[in-house]
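Take a look at this one chain, the form predicted on its own, written out in structure tokens.
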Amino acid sequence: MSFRNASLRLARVAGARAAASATQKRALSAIATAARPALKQNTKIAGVRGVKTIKFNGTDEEIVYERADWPREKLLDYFKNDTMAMIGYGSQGYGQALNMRDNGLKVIIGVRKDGASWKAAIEDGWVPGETLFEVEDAIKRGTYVMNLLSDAAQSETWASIKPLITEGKTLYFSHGFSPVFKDLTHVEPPTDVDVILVAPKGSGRTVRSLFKEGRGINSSYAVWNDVSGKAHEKAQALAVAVGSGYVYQTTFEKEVNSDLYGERGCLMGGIHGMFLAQYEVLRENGHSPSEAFNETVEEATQSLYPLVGKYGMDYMYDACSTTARRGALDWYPIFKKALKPVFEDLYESVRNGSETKRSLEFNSQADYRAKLEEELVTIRNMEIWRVGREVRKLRPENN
């Protein structure tokens, strides 16, 4: 696939952004105009810096809360009497706990003593008896109980945890899985405490790395119970404290449905399946492993997807050759028509609890880690990803 001269492309974008009026800007396609939301200062919330209203198609509006609404000094004052008890120290627990600690909040960790997470926490500077405790002890000490155990572990431990969530505490989740599918998980939050959710849109490692870079991940927040009348405020503040750059409102139900759906679709399962299908067709038609990998994965992840992430799909189309654009415009409706029924089936499987049931049944097995590793080894040994390991070594930055 060929590209236009990078300097001309960037100059065009810079010129478009600098134009003072709409007539001076380069005309966008109808698709691009519909896809790109207009962002304006929210005039309905006077005196609050950073709060934005995003308008889509001139009708649908969403309020977005930014990190500027909760500077570090405000966070410290808001949480000055609180102790954040992080229960679980996996990917999300690790990232969120360290970010809160760096933001100056009082944070303690609750995990099984002498387990892998306990040892990892010590390596990260948490001190047994001071900031590192067993689960029940941490919950008793915390005013915010942040339950970031795995979904299966939340289900298995809830009977012992629930009695410790006493009046005045705030219960926090980063996934709607357990409360929404309570008929399967048996996690039914108490009705006399605030129950909130902050769901970063990325792994805990990304939550941490973006925070350290001074950036911030985007997150959603939701409220299950608002006993104090301040649950929304608590969730927005905690979203910033754990490392979010901006946060938008959802519900527990919508969060878990969109999350499970996305992971199985475009984010992981769907994209992996698409990569494999394209790679295999290329190999079956005589293309070399290197060529098949580069045309399937390397060019996508190194050249095109970063453009989509930074500027949008319309920009990526415009950055490519006329031949590439013509083919993509002709074929994306065909892919959509073929794939939409699959995505509809997937969403229904998420909504009706089938995916939750499958996850709980598998992840609750005593030997689930060994079984999971067998499946992951299969992926590692696929030709496409073995080729990928060799191709990555050839990148200039790795030499």
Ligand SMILES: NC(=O)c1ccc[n+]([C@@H]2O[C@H](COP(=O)([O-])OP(=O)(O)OC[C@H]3O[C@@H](n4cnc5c(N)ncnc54)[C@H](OP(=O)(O)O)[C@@H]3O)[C@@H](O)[C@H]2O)c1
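Small disclaimer: the values here were computed from a predicted structure and weren't measured. Just count from 1 along the sequence shown to find any residue number.
What comes next is about the form predicted together with this ligand, which does not appear here.
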Taking heavy atoms and a 4.5 Å cut-off, does Asp226 contact this ligand in the predicted complex? no
In the predicted complex, is there a heavy atom of this ligand that lies within 4.5 Å of any heavy atom of Tyr221, even though the partner is absent here? no
Flag Ala153 as yes or no: does it have a non-hydrogen atom within 4.5 angstroms of any non-hydrogen atom of this ligand in the predicted complex? yes
Taking heavy atoms and a 4.5 Å cut-off, does Ser203 contact this ligand in the predicted complex? yes
Tell me whether Pro163, Pro189 and Val195, taken together, all sit within 4.5 Å of this ligand in the predicted complex, counting heavy atoms only. no
This ligand in the predicted complex has a heavy atom of only one listed residue within 4.5 Å, and of Ala121, Ala85, Val111, Met100 that residue is Val111
Sole residue of Ala138, Leu149, Ala241, Val107 within 4.5 Å of this ligand in the predicted complex, by heavy atom: Leu149
Any idea which of 91-99, 72-80, 227-235, 319-327 reaches within 4.5 Å of this ligand in the predicted complex, heavy atoms considered? 91-99
Residues of 96-133 having any heavy atom within 4.5 Å of this ligand in the predicted complex, listed in sequence order: Val111, Arg112, Gly115, Ala116, Ser117
